[in-house]
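Just one chain follows, in the form predicted on its own, and it is written as structure tokens.
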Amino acid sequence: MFLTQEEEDILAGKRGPGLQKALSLLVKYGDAFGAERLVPVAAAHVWAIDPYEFLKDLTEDVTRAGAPLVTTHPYTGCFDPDTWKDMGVPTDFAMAETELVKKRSPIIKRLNFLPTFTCLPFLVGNFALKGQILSWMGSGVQIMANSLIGARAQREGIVSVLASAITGKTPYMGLLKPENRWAQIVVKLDGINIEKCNEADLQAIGYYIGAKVGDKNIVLEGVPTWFSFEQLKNLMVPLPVSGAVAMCHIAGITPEAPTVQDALGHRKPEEEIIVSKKEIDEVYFEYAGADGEPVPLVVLGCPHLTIGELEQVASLIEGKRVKSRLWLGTAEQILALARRMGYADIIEKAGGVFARCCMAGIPFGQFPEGTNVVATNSIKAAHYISRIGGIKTIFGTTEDCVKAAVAGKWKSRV
């Protein structure tokens, strides 16, 4: 790998042990994938709960992040240091996590990481422009950065992202390179009026496609250019959950794809995939609940809820009271706006609890004692809670889930 003189000096330890370790890690990472050089990142988005000793070691003598802007991903393990008691999270786990938060906080502050604790950083100030290179934690924001904004983000994990935040560098490879961003597979909808699809339908479409295409880049035909951010989020976020898609072109929306042919780089696709109502029904069946089945916990907000989604929840729950626990994941900054609008008061009066943590329970979800079923409006949360937490999950619309929280049981639409 070619290194600049500044990078050589850092590797030689002339800028301190933390930078040396972080850059050495990135060089090894890049070498493993054949990267020829490192490039600057415009912004980073890091995990909020890096192991303390690792965080301390990699930031030794580092006084400020090398990336111009760094935000933090949600707390994990179903833990928010402010609301864990109301959530019903086990006390022993929460107390241990609280101590780790206290230990990490001075490092985060020293490095000037912005403590956003959300999985939608572009909604709270970490916004990128077309062509900018990012090092962002979280498969959902990686695919949205690539596909909606036209920024460039790799599908990468916590270690390399932290190293990039510290150094301001990342290996130039994969989806950072224009030639690796063309669509390989065309996806078409058959007999589906996508304009009439609700949020759960859109997620079911994305979930099926992800499982079908793996890690290939796709171009999706038939999506209206007037779709809202929330609709596009619901469609895209499941793609890297059931699969490993990080680039989803939507003709007329993706900056690099005015047309389907532009998305393909004017080449013939490797394959065409058809999605029909049958495939959507299969996803619903996988995460179906029986009519009248007790639901002790309802989880909304994976990815975190937007202000528009909080308005929807408030309108559905106003004047009611929940019988199940109701968790709502959102950014603190979005919650502040929801308080000004009165949405938060309505939801809290009904018994809902807000949290800045991952609603999918990644990587070691600590759910309230006795939680044997979770209902959610997120196919991503359903996927991970059932697989990592080993808890049965039911997937449906936001309206379905709010009704379940109020009734304390699931109402089947079939």
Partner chain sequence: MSKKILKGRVINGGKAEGKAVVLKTPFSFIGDFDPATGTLTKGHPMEGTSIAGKILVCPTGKGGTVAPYIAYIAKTRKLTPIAILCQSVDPILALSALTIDIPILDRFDVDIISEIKTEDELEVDGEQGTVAICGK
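Keep in mind that this is a model prediction, so the values were computed, not measured. Residue numbers count along the first chain shown, from 1.
The following text describes the form predicted in complex with the partner chain, which does not appear among the structures shown.
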item: Candidate from 168, 88, 296, 240 lying within 4.5 Å of the partner chain in the predicted complex - any heavy atom; value: 240
item: The single option of 178, 106, 319, 157 touching the partner chain in the predicted complex, heavy atom within 4.5 Å; value: 157
item: 51, 138 and 384 all contacting the partner chain in the predicted complex, non-hydrogen atom within 4.5 Å; value: yes
item: Which of 189-197, 228-236, 158-166, 306-314 lines the interface with the partner chain in the predicted complex (heavy atom within 4.5 Å); value: 158-166
item: Contact flag, residue 71 vs the partner chain in the predicted complex, heavy atom cut 4.5 Å; value: no
item: Residue contact check: residue 39 to the partner chain in the predicted complex, 4.5 Å heavy atom; value: no
item: Proximity of residue 64 to the partner chain in the predicted complex, heavy atoms at 4.5 Å; value: no
item: Residue 13, heavy atom within 4.5 angstroms of the partner chain in the predicted complex; value: no
